[in-house]
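In structure tokens, the next block holds one chain alone, the form predicted on its own.
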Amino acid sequence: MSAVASRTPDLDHVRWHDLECGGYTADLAFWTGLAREHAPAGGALRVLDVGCGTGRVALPLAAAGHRTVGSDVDPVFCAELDRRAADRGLPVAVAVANACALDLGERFGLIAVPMQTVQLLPGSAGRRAMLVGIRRHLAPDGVAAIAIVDQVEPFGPEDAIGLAPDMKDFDGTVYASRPVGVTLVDGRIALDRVREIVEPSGHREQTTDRTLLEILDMATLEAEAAAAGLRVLPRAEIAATTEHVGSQVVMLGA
């Protein structure tokens, strides 16, 4: 993105993603360590990052020398990842693809599904479709790792008073995202935010955003994976930080 780029809906879309998701780095050592562990001696691992966004995980994996493919259903995110990888000279291929309908025509030594991507899918049917795709794309000696959050502490607007927003200045335009609630809605976890943009002229825009996550536990996902023909391996964990909840990681083999 150019330092003089004018605001567009696509640019706002990328910037909100970078602000609300891109700053999370606590899991990067896990993903790069997993790739290093499973890479062949003296060679690069073929890695698929499912739900890659703008490259939060895919770019560090590629920077570590792994031949990485990032897939996402969002074409704007995929285009931005393609641009960032080219700018940095990193070996990242990008595929606009629904996680429930993966058909990339190749196999991978590591398939990573970070940051609760699986919980964005439409229920058990969506997860089953993704798991069948993972089985089809996983190399015989490969491993798949799927991160979930299985415990959240609900809070409402009154509890959010005083919470500092995530803020970032993009070329003089300030974006701020403030969490205002975590609730249960129709059996799903609803993450609500208030977003505000302040332009250099002083013009302000305020909107709301809601992300819905399916409620999911490790045992359920492991049972669904086994039914899809995958081997269930010992679980892993990504520790919580002062700013982010931790993740449980379901580990699967071909």
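Note that residue numbering follows the sequence shown and begins at 1. In this text the structure is predicted, and so the values were computed from the model without any measurement.
Only in words, not in the display: the form predicted in complex with a small molecule, which the text now covers.
Of the heavy atoms in His66, none are within 4.5 Å of the small molecule in the model of the complex. Using a 4.5 angstroms threshold between heavy atoms, Arg231 stays clear of the small molecule in the model of the complex. Mapping the unseen interface onto this chain, Arg46 falls outside it, with no heavy atom inside 4.5 Å of the small molecule in the model of the complex.
Proximity of Val73 to the small molecule in the model of the complex: non-hydrogen atoms within 4.5 Å are present. Distance criterion of 4.5 Å from any heavy atom to the small molecule in the model of the complex singles out Ala99 from the list Ala99, Ile134, Val92, Ala145. Proximity to the small molecule in the model of the complex, taken as heavy atoms within 4.5 Å, picks out 53-61 from the listed stretches 201-209, 53-61, 182-190, 219-227.
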